[in-house]
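Listed next as structure tokens is one chain, alone, in the form predicted on its own.
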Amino acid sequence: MEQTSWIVAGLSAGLFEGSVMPVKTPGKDLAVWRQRSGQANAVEDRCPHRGMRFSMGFVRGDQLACRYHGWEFDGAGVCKNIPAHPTLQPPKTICAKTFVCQEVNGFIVVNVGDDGAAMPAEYSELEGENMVPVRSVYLDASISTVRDWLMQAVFPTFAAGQDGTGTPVTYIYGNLNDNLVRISAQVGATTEELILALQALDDDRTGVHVQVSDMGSKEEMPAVQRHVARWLADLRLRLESNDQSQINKLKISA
């Protein structure tokens, strides 16, 4: 599969209006932030003034402010305000490095390269799917190890746990690209599905951002989310202990 400079930096639901979060990649550190008006942006995690991390800063309206001296930057990285000199129009040369940032069906997707590459089709093809965010987990394992485990791990179907009849489950695993894994489970007439977006933090640490299919019942979805979150916690425990014998026993009761 072709390598891509586009990464999933997190879940849209995890980035509230007016918030900033640090995002690590093997090559650079980013700050991803959401304007009060709702737009998500990505910037190099370094203020061009004194090098302070933007991820330690705060959002003022639609501008990102550095924690050190309060310099404010817009979504394009242009400095808009220097509090120590309120009447000064900041020179246009004062800019923070930004990265293309888009939201695709509940995922925050960033192009961390300088190649101007288009977003891979696998991301845009997620549009229109009914998915509900579960959570992000961070594992002490390489992205290839995590991917290999996910392509074998048993998805803990919620429906099978509820009916108590031992309904057989059919699993379908899909590696959409290097960073996206889809696990589908057919339980009778019900299909449950996970989309897991993998984020390499460094050679030995990986973020996993997880969404589950919306099965139509608003009242039932919180229980489904908790169910999947428990499975993820179990997966992390077994993977980090390298318990290979348990890879296909990651099924838990509801």
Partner chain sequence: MAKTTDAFALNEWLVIGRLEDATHDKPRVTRLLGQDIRAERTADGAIGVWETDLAGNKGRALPVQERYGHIFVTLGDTPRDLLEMPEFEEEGRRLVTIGYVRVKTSPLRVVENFLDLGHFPYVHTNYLGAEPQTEVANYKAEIREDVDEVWATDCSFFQQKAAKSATDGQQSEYEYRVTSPFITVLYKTCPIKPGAWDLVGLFVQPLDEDLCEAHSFVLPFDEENTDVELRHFQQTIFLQDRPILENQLPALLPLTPGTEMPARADATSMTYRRWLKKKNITFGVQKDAASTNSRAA
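Residue numbers count along the first chain shown, from 1. Note that the structure is a prediction, hence the values are computed from the model and not measured.
Another form, the form predicted together with the partner chain, is not on view; read the next lines as being about it.
Next on the checklist: With the distance limit set at 4.5 angstroms and only heavy atoms considered, check whether P168, E220 and P222 all reach the partner chain in the predicted complex.
Outcome noted: Checked in the predicted complex: no contact with the partner chain for any of the three.
Next on the checklist: Is D214 part of the interface with the partner chain in the predicted complex - any heavy atom within 4.5 Å?
Outcome noted: No, D214 sits far enough from the partner chain in the predicted complex that none of its heavy atoms falls within 4.5 Å.
Checklist entry - Do G188 and the partner chain share at least one heavy atom pair within 4.5 Å in the predicted complex? => result Because no heavy atom of G188 falls inside 4.5 Å of the partner chain in the predicted complex, the answer is no.
Item to check | Any non-hydrogen atom of P83 within 4.5 angstroms of the partner chain in the predicted complex | outcome: Output for P83 is yes: heavy atoms within 4.5 Å of the partner chain.
Checklist entry - Would F107 count as a contact of the partner chain in the predicted complex, using a 4.5 angstroms cut-off between non-hydrogen atoms? => result No.
Checklist entry - Looking at I172, V137, I94, V100, which has any heavy atom no more than 4.5 Å from the partner chain in the predicted complex? => result Residue within 4.5 Å of the partner: I94.
Checklist entry - Out of the stretches listed (141-149, 127-135, 69-77, 112-120), which one is close to the partner chain in the predicted complex, meaning heavy atoms within 4.5 Å? => result Correct option: 69-77.
Item to check | Stretch 20-57: residues contacting the partner chain in the predicted complex, 4.5 Å heavy atom cut-off | outcome: Residues within 4.5 Å: G27, K28, D29, E44, D45, R46, P48, H49, R50, G51, M52, R53, M56.
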